[in-house]
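Only one chain comes next, encoded as structure tokens, the form predicted alone.
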Amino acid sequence: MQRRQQLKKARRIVVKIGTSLLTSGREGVKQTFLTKVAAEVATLRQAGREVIIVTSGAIGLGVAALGAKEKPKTIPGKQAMAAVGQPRLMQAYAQAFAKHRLTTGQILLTADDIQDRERYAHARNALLELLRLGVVPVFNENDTVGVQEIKIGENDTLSAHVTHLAEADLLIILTDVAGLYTANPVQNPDAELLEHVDVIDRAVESMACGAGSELGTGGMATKIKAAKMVTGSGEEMVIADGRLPKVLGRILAGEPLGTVFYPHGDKLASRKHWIAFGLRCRGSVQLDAGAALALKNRGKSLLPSGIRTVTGRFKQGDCVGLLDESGREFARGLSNYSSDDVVKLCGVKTADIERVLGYKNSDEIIHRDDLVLLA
């Protein structure tokens, strides 16, 4: 309970709202629920807090508007549903928040906007300007143009990216379950709700139950993934039942609602977070025990002498995963050399790089300034 009191200090909060809370089959938007959310956000704003919303529901609303029997499985089908549903979704938000004299603003993102450093910075600047103007930003993935190569995947992950983009203090994921249980509570009546999680290990990951709702794309597994991103960057996250009355204010008052995931690392600088979570890894290198220890405990750069094997194909400047002897990824970084060159440099001393390659970009395969340790 005492640790929960820390939530009272959160001034900038990201709230992710799931499809199952917002939409209901062919009925469209659950306007009563959205009205409740708008009232809660207005109360938080009056208390001096800033609120950013990450919403799902565009495809679900498209399904409802067109009277489709189910969510389409093809990418063009999903794009079409999103094109129909997104304006309806934002209209519903605008109407609900206007009752409290609040203006909403839409920001649509794809994975390209996260992975490209310049576009990431532009999105951040737009977000901060909306907050300065007193607007409630509403984020969603740009499903209308999204294809597999540029999709973030689901909005739990998007909400984790937005939390860092906004330099927020807290992410609250509102869903239709009370939080993280030790097992699937539908299948196991003995399942217990976890009040808090300090470390997300394999045991915690195994508690995540698969499928989300019929119209949604997420499940508890995607929320655990978001929690790893948020807590690894030094912020807190809560999963809670969005149907509870005044749930946002009660969480921020320290009430024992939902599951709190506590941070286990220092706050990452924006560039470090971008390397760790914003980029797609193009390959990996496995290190010997000594090199892995030097990176983990002594803050060293990755030298070629510590590399044992190389997997995948990557170019200079690409993001690469770093694996320990057991094959577990423990860090990520930007490579100064291509995979073809790194293969030639495995086990080679720094002084011999130029002799082996005929040139030398750097003494390090990955400099410590371009490297981030993962939990």
Ligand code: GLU
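Computed from a predicted structure; not experimentally measured. Numbering starts at 1 and follows the sequence shown.
The same protein also exists as the form predicted together with the ligand; that form is not shown, yet it is the one meant from here on.
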Which among 50-58, 35-43, 305-313, 319-327 is in contact with the ligand in the model of the complex, heavy atoms within 4.5 angstroms?
50-58
Tell me, out of Asn140, Ser233, Gln286, Thr104, which residue has a non-hydrogen atom within 4.5 angstroms of the ligand in the model of the complex.
Asn140
Give a yes/no on whether Asn155 approaches the ligand to within 4.5 Å in the model of the complex, heavy atoms considered.
yes
